[in-house]
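Read the single chain below, which is given as structure tokens and is the form predicted on its own.
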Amino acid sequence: MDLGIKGRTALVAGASAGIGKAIAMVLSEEGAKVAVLSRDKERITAAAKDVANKTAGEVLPVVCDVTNRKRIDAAIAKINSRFGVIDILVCNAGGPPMRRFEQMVDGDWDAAYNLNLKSTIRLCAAVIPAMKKQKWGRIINITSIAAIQASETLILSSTMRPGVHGLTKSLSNEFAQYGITVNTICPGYTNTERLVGLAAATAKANGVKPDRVYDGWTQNIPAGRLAKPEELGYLAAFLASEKAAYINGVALNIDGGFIKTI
């Protein structure tokens, strides 16, 4: 299937590894010009090189802290200068730490807000004016199943990420008339570095080995396994495509059936 995004410009945040890198890889395979963002210069440079080598695509590494508005503006200017107007925005950021409510200090809430909600607001604000002008755009926000089914150990995620869902729906209503779609992807348990860290933290808190934690997760997933990062990449690429023009304002779980609500 031709997704119709060859030559389009995509910005993928949080793309040095895991889900973000996998999305960048698939978009590049489909012929999009891809700018990949991360705070870590060494890791994002290596990720961009890997994606470019595997896809023979145009990939631009950009060092950017998405919690900093000035650095977002500078990143957008750099991408515009190299590739032109950003057609596809993927808002992705690392998850906040695994803690319970009584373990929090005041700064934890501020940090999670800046990382997981305000960064999405700022990235959307930076690209929407140009998308409106050209009457085409795709915005894909990456959250988590913790935004659908609250977790007491991931309370920061379960508090901040639903705000992204509200933002997504509001933007989808306001900007659909300009050919812009705004959707959310909610990953379940996915085989990434982030999950390795969560497994280690959960194992330590419960006095068990990480393998026991993984077994507990997979037993509650009807598919009986973790997601592969590239599977999220395929979904993101479809939502970014011409074929998905009538999919707007939705939150899509990709979790092997973990969430049981209708």
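All residue numbers are counted from 1 along the displayed sequence. Predicted model, so just to flag it, every value in this text is computed and none were measured.
Only in words, not in the display: the form predicted together with a small molecule, which the text now covers.
Among 64, 237, 51, 32, the residue placing a heavy atom within 4.5 Å of the small molecule in the model of the complex is 64. When you look in the model of the complex, the only residue of 190, 181, 159, 153 with a non-hydrogen atom within 4.5 Å of the small molecule is 190.
The putative spot formed by 19, 92 and 95 is fully lined by the small molecule in the model of the complex; each residue has a non-hydrogen atom within 4.5 angstroms of it. The small molecule in the model of the complex comes within 4.5 Å of no heavy atom belonging to residue 164. At the 4.5 Å threshold, heavy atoms of residue 195 reach the small molecule in the model of the complex. Of the heavy atoms in residue 43, some are within 4.5 Å of the small molecule in the model of the complex. The small molecule is not shown here, but in the model of the complex it comes within 4.5 Å of a heavy atom of residue 15. Only one segment in the set 135-143, 165-173, 80-88, 101-109 has residues whose heavy atoms sit within 4.5 Å of the small molecule in the model of the complex; it is 135-143.
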